[in-house]
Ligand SMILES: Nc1ncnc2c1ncn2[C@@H]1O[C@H](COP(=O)(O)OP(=O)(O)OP(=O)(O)O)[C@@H](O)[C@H]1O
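The data below hold one chain only, encoded as structure tokens and taken in the form predicted on its own.
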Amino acid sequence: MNTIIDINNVSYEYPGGRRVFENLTLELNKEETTFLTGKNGCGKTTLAKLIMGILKPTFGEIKLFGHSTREMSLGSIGERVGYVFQHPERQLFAASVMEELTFPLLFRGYDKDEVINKAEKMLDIFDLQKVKNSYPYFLSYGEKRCLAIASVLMLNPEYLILDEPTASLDIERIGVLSQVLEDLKNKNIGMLIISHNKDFIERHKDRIINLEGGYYD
């Protein structure tokens, strides 16, 4: 398998002195679905933010597609790696659900009709048609999560990071999400998924990494 994400001897220390990782080395591969598990506070979300360049390692280096995240802008990382936050409302900014889906691609100059058609398909997949004109902050938590996932998928990421994607989703929506992930896997899209949902993990896992005290097994 080709390595997409290369984490080499990474340490990270929060302001105030709390160290989360100590010389962490890990490879994440293309076409592989990896689950990141561990107790709350063990560093799962911190690791996702380090990979995305939102945080920078105190020591060590992270490479995406062969390039150091220290030398990449957040925008250039986001063009290739899709990231759905643990708290989806933090990445929703538009005035309507439809605008949330379409604005990034329209801003980049994509054909309007193609973008709208793609957004309509996302609305259908995630059962968001009835709220397409609603302000995202007025959605239920489950709807916000589905919208956040859909908006990331609109950009056709080469790799996907999902932080607790099943949280607040009912069984039906989890089933929809599972089908979406299976379709992505069939397209050779690799994924790193943070989750405590044992059934969800068992259904999709190629690999499980359990973090504990800044290390993994």
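Being a predicted model, the structure only gives us computed values, none of them experimental. One-based numbering along the sequence shown.
Although it is not shown, the form predicted together with the named molecule is what the next lines describe.
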query = Here the chain is shown alone; which of Lys30, Lys185, Lys39, Lys56 has a heavy atom within 4.5 Å of the named molecule in the predicted bound form?
reply = Lys39
message = Check Ile193 for me: does it contact the named molecule in the predicted bound form (non-hydrogen atoms, 4.5 angstroms)?
response = no
ask   = Within a 4.5 Å heavy atom cut-off, is Thr45 in contact with the named molecule in the predicted bound form?
value = yes
inquiry  = Just checking whether Lys198 would be counted as a contact of the named molecule in the predicted bound form - the rule being heavy atoms within 4.5 angstroms.
reply    = no
inquiry  = If we define contact as a non-hydrogen atom of the residue within 4.5 angstroms of the partner, is Gln86 a contact of the named molecule in the predicted bound form?
reply    = yes
query = Honest question, do Tyr14, Arg18 and Glu164 all end up within 4.5 Å of the named molecule in the predicted bound form by heavy atom distance?
reply = yes
